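Single chain ahead, written as structure tokens, the form predicted on its own.
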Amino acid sequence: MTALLKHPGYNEERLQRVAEQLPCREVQVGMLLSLMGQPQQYSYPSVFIYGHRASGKSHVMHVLMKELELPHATVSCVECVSVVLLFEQVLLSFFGCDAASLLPRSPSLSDFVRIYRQQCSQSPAKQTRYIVMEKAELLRDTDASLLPALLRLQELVEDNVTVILLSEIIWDKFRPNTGCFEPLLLHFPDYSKGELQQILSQNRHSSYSAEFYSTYINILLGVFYSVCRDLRELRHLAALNFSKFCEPLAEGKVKETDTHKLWKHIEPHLKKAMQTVYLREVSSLQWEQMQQMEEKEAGALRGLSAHTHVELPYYSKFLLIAAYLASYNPARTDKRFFLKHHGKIRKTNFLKKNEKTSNHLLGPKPFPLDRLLAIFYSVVDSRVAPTASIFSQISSLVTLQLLAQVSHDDQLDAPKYKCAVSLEFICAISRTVNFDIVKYLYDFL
């Protein structure tokens, strides 16, 4: 590993520390070191590094700059919402707060270049300075002249400075239409399954052997690799479920080598966690508490994938309640439940050929949008104007698969929906808004 990182300009001990912190990225680190050259040499003006999320781009640059003690400015384009913050961050990192204070209230690119050149004349660079731009795709939304200027900043400021852009999109979608200086391109590919196994196995628990933790990671990847290859998410899932994996071992029921029994124990828990990959509906502490409640209350769904723990906006809860009532109550019963002066209407008046069949056994029925809104305005405990926010929340419920749209997308005048949640779920939602839904269900009269 260290043979790939040998470089005449850097100490071998430092390169060894870099190699230890960057497993499975030896090729990319070696390419970067070749592009950077020796510290006192002029480097290429700009480098464009691209790859999917969690492919190690930012981590590699952070370790290289820290361990090799290179002068650098790390700029997050998410945090720097304006060019003022970007210019300040660069000047502050290279020349201190006095240089950053020289910027005018609304600095232009020429102001930044002028102040940078002044500071360079006072403290010239003894080695290459690096500006690392994270989430660089956001630069496309800034002034059209900023990106071309950054790509040739070395020429503009006449200093040994290299701009490194980190992005999740390819350069072809990044290139300005007006043309610009072409940076060197370096691709960070996704980690393979074997590489993920190697990286995740390094975070083993001190109380267990490396072989045991490696077995656990292999089982985890066998479940999640087909749906998630994000290293950060997999690391989170590994930490979240490891205590459950170790339970039979702690109780003395199995040995570390009984892989099959350990797999049988953890399989249902991993399948539950797989339903909410990336969502992070609950914290790790809440997840552990839910696992304990699940063991105490048999038959009650308290796991990570339980929809009762999904937090919805206030009016979205009432919209979902209205949708459930519209799906499981016959339309002719709306007058009975939602009109104050409906007269005496007995349930036997509605019972005909399906008098012994429960609507909950038949499943949810589709309903039009106007009926959903009519029930919503009847059950909500305050006056709500029919604003765009209400309609957007209906779309959000469809996106969350709590509602299902059964009409065609081009049917804009009267779309139809169907509620896709269970009775236990809607009862849990109703309790959070102090609404007794059972009183409004036809099956429970």
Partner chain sequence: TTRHATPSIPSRSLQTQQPANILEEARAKLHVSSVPESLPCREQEFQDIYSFVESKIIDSTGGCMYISGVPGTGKTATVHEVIRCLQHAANMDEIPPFHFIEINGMKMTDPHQAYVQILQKLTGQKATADHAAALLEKRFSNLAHRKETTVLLVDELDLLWTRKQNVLYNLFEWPTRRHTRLVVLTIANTMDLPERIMINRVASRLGLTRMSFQPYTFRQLLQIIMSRLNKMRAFEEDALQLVSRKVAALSGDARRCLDICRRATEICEQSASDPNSTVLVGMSHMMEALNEMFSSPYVTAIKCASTQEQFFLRAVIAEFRRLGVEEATFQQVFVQHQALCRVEGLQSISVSEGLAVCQRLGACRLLLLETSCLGVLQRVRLNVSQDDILYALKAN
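Numbering follows the first chain given and starts at 1. Note that this is a predicted model, so its numbers are computed, not measured.
Missing here is the form predicted together with its partner chain; even so, the following discussion is about that form.
K.L.:
Just one of 127 to 135, 194 to 202, 365 to 373, 114 to 122 has residues with a heavy atom within 4.5 Å of its partner chain in the predicted complex, so point it out.
P.N.:
Every other range fails; the passing one is 114 to 122.
K.L.:
Does residue 172 reach its partner chain in the predicted complex, with heavy atoms at most 4.5 Å apart?
P.N.:
Although its partner chain is absent here, residue 172 would touch it in the predicted complex, with heavy atoms inside 4.5 Å.
K.L.:
May I ask you to state whether residue 178 is within 4.5 Å of its partner chain in the predicted complex, using heavy atom distances?
P.N.:
Because a heavy atom of residue 178 falls inside 4.5 Å of its partner chain in the predicted complex, the answer is yes.
K.L.:
So, in the predicted complex, is residue 336 in contact with its partner chain at a 4.5 angstroms heavy atom limit?
P.N.:
Flag for residue 336 set to no.
K.L.:
Taking the shortest heavy atom distance, is residue 140 within 4.5 Å of its partner chain in the predicted complex?
P.N.:
Heavy-atom contact with its partner chain at 4.5 Å: present for residue 140.
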